[in-house]
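First structure 1, then structure 2: two forms of the same chain, each alone, as structure tokens.
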Structure 1
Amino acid sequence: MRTPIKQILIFTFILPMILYGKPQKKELNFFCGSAVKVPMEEIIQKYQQKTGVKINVIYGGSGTLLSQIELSKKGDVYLAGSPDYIIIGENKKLLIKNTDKIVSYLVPAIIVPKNNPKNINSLQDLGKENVRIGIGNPETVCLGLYSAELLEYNNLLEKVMSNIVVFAKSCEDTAMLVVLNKVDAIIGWDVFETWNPNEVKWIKLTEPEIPRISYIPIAIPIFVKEKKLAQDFINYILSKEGQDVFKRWGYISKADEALKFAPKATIGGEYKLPKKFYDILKNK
């Protein structure tokens, strides 16, 4: 006797749904440094539409995000604003070693309001009287850490620190300080001009002033649930489709292009805040 088709359908499709519920939609928890928030919002939308995978993204400072991964014991993909935090994450055993890939490169710059009311045209000008400066928090924000390195390298740490009025909690917040006229200048990334072309402009640093070119790395935390899926998302970000979005927003995809701004600069590595920074901060 043949089994009715209706009965087959019940056992094959309907009964499992009754017993186990609807199939769970695949998700990834993505901790993303806000240095790439603008292009990443577009990339995430494209990836979700293409794959059906939901990306739960949290933007913030690279150090803050690492702490959130550590406390929550969650995270499938982690993107930092500089390689410093990949080294920190691996040393703290929060990231799987050798999973990091380079997404794009970043060139440091001074960002000022479009009309540049304080006539800031150089790194030295950040130390002038009555100038309000903003940087990222060097303890939790990749850009802030790089800013401290840049100032120390050029023997301007003490002079400029006296003018710093805001330590922002992320790259995005640092960029907005100029847009909202909270400061007269920030030390930022070149792409901040592309984010807000009508409100700010980029003052280029000279080649000898730049000790290190930063890059944006992406890696997989040890708490990843589906490593293959996490890698697929990373591969999409690194694909031509993902990189085209970055290029449209002014990000640099190749090391030799970034080095045109500072041929003698190093790429990657790690910088640690010197004791001098805390001494100056204490006496500020």
Structure 2
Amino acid sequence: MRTPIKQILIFTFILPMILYGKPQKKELNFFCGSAVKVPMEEIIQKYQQKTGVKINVIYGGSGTLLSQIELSKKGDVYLAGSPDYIIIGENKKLLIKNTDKIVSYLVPAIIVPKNNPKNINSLQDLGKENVRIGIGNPETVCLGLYSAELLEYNNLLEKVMSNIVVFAKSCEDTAMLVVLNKVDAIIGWDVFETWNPNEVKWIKLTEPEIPRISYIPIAIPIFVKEKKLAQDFINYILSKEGQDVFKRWGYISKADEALKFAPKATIGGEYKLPKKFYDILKNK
């Protein structure tokens, strides 16, 4: 019996190529930091409906997304969780210089479970005895790096680090720590309360404690296929329609609104983990 080699080959290779051949529709590869997943889903849907352009969105941590862009040599739009990553991206020659824009501002906050079991009301309280703290991993999560900066600025690095029991591996994971009641407090972003209003509480920091206001930047990678298309999408996010969605989800869109929390704080910039951070870790 002759084995139907020809038929098998056609079926395995040629048929799929015909079926999944070059797509006709316009589409964008959007690498989006998970810090804005919640409002972004709505914005993407609106944009797709409006323009018919398909957005392939990939959520993840800022660093992971950058790695994916580097390894796959793909990417039309990149949204990071903090300005640090735009600088890293530009240095690695992955992002087109000067395409970055500010999408939203983030104010650091102490987030505790709704009932605040350990009664934490200030940054100092994080150093109290018998308190379990969690932060994002400072090496990889924007939020974590920011937490380290915040603590160092307020001379609380050693004291609070002895209470830190875990580094979470992403922004959402950090938020989850409180939602699941695994720690007594985290250093997070103000928007965490809007994400989970029933489970967590936002303890505001005082003005002098905040050294820097962070923001969420968006930029265009060098691998972009149609720069105009990417720019159009970015403009939509920054437009009134897009910003309204952000506002509804508790994100701060204007610089002056953000500065209300800390008038003397700087906006943007870089921060590098100090050596003593590693020393403290090792000796824990």
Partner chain sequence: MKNKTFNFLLFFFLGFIIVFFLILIIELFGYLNFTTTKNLNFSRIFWSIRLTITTATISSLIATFFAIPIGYLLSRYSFPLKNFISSLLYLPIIISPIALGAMLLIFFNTPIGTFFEKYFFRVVFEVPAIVFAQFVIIIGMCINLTKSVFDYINPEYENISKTLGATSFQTFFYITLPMAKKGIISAFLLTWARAMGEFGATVTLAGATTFKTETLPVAIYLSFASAEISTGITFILITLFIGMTILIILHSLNNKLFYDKNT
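Along the sequence of structure 1, residues get numbers from 1 upward. For clarity, every value in this text was computed on a predicted model and none was experimentally measured. Only the largest set of C-alpha atoms that superpose within 1.5 Å between the two forms is called the rigid core.
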| query | finding |
| --- | --- |
| Answer for which single form is the form predicted together with the partner chain | 2 |
| Core-superposed C-alpha of K74 shifting 2 Å or more between structures 1 and 2 | no |
| R132 C-alpha shift between structures 1 and 2 of 2 Å or more, rigid core reference | yes |
